[in-house]
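Two versions of one and the same chain are coming, encoded as structure tokens; call them structure 1 and structure 2.
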Structure 1
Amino acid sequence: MFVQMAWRNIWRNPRRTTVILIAVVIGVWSMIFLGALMRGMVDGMIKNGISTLTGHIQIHHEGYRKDPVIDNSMLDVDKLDAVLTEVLPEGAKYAKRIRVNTIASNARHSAGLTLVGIEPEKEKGISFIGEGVVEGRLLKPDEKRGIIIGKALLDKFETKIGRKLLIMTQDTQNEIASKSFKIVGVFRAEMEATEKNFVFISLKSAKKLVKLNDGISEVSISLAERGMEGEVAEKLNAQLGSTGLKAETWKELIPMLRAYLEIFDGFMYIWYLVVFTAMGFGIVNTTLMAVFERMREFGLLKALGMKPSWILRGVLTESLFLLVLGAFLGNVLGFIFTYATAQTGIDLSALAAGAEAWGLSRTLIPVVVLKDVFMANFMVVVLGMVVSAYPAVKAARFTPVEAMMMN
């Protein structure tokens, strides 16, 4: 009964209802879509941070982070393997690396950069390099002379695949080690700085270059999903105990990201509230209009013995319809927009330097977070009901006489 009456009442004035519905739809659409874009941005930043050789967790020699030299390497790899196999949950992957600062040069150019020895097949799903090679080929596990360099470095060095790159570094004996590598592949990364600052060779040839028999500089771990890393790192540290090795999560490795994440939720919800408030005024006003137009009707109903609470309920049900319908359409529209942009992402390359300064990807891909969708709908519907209480109470309070006298 209520439901039917309320539904009919809403459409008594279709134009008015449509207008306020549009306000709600645009509001909800913007919450869902812009929310997804902003989440996408943050998610991109985190993913960038994690896939740019960080991983969810890293294990280093405890002195390495402060002083990243080859002397601070992890030598007991067997023990490390044993601990990792024992502790890591299902779906987790890990890869070993050697990282050294080197000077790379060719006939015309020279630059200081980081040389990373990797286990190529294991990097898939851990860091961008697992799938980042866009030209040429991947490294083979036993690759002796092949090197993979970034597109930006390739351009800066005016070189190409098949050309050589001379790498010079300091080995464990404190002597200068130099070796000529052949560019076999080119990688792209989200950030130009990554492309300029990292070159990759096989772990095997890195060991040989720096004369590190069996040691490694870091282990990067990727879990099946983000969220478990704190717990896993704790377990790892418990097991690693006195070995002088230390596991740290990306939150510790990239503290800026953590800080950003911490205040992001707050900002997001403030924005929701602002948009809601903007449409809230419209909701109240429209409902008030509808109520005042029907004053006589309400008076009559009351005179016929209808309880005020029924009228209250009736008006609130109308608002609820309006809000739910608006929220529903807004969600649908929001998801359509999100889905459409998610196909290709939004290209930010026109503002590349700016995007890079924010740590953003070149393309922005929206990400829908259930929490946000819930929050947006909750806010619109529940707060919408709260503000509709004002006209509803007004309607319930009309005395029959007052109402009949009106107009």
Structure 2
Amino acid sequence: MFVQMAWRNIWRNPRRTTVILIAVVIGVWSMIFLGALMRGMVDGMIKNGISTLTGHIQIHHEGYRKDPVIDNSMLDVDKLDAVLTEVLPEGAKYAKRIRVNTIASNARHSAGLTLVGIEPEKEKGISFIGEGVVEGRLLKPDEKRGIIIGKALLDKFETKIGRKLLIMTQDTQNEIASKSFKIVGVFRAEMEATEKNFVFISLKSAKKLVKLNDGISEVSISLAERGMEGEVAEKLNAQLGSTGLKAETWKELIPMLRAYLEIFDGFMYIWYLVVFTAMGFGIVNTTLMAVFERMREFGLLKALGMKPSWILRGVLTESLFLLVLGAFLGNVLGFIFTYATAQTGIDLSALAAGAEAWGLSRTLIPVVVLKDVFMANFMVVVLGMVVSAYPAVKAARFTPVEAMMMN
């Protein structure tokens, strides 16, 4: 009976019902769609951080992070290979690198950069450089004179593929090492700063340049899925023991991003609360108006013997119908907008400078998290029922005499 009456009552005034539904639908839609955009921003920041030579886990000499000089390199590579083979789970990949500061120059320009010696065939699936070459070709494993530079650096130096680039750095004997390399490829990255700050040569060529023999600067590890890195890093550190090497996750390697993630959920809940507060005032106001318009009806029902609790239940059932229907439509609309946007993403190229400052991708792809969807619906339906309780209690408290005296 309550269900039938409630459903009929909410459509007695279609205009008022439509106003409440629109408020609920917009509230739920904004929570889901804008929440997905915010999650997409964070997901893009994490992916950029991991793919920009960080990986899920990195292994360094324990003093390298504080002082990233060539002297703090890892020398016992064979033992490290054995540990990685034993500990890493199925689907994990790793690549060895040499990373040193360098000065690159040509006839017109010079700049301080980071020179990275890589194993080209192993970088695919670990960092952006494995799939990032858009002009020319990727390095060969035994490449002696080839170098890959970023598109932004290519334009800055006013050069092109096939031309030479002079590299100068410091070797293990504290002497200046210099060598001329031929540009064989140009890479693109999500952030222009990456294109300007990194150049790549083969690991074999880098070892010869800095006279490191079999040593390396770092090992970057990519896991099959994000979330396993903490457990894997703990196992690696247990195996590495007193070797002087240390495994660290991307959260430790990019502390600013970790700090942002820690406060992000709080920002999401504050956003949800702001949206719900605006929507809640509309629900209370409209429901209260409906209650006052029906005072004579409630008074008559009480005079005929209806209990106050039944009136309370009836008004709350009406509110529940409105909230559930509005939440359903809001979910449908939110998922449609999210899906449509995810097909192409939102191009942030016009805001490239500002986006790069936050480590954002050039294209924003929304990401739906079930926890956010649940929280949005919970706040709308459950808290919506809470705020609807006030008009319902107001209706239940009127006596038949008071109701009949109202104009």
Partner chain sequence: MMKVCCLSHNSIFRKNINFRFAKEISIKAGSIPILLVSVALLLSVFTLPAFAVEGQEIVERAFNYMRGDASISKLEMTVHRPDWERTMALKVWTKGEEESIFVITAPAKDKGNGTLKKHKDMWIFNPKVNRVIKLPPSMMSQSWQGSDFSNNDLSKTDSLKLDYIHTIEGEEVHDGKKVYLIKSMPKPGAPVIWGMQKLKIREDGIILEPAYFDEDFEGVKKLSMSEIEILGGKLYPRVWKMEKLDEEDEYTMLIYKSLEFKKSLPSNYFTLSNLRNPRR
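Superpose the two forms; the largest set of C-alphas matching within 1.5 Å is the rigid core. FYI, numbering is relative to structure 1, first residue = 1. Note that this is a predicted model, so its numbers are computed, not measured.
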- Note on the structure: Note to self: form predicted together with its partner chain is structure 1
- After the core is matched up, is the C-alpha of Gly244 off by 2 Å or more between the two structures? no
- Message: Rigid core aligned, does the Cα position of Ser217 differ by 2 Å or more between the two structures?
- Response: no
- After superposition on the rigid core, does the Cα atom of Leu288 shift by at least 2 Å between the two structures? yes
- Message: Can you give me the Cα shift for Pro391 between the two structures? Core-superposed, in angstrom, one decimal please.
- Response: 4.2
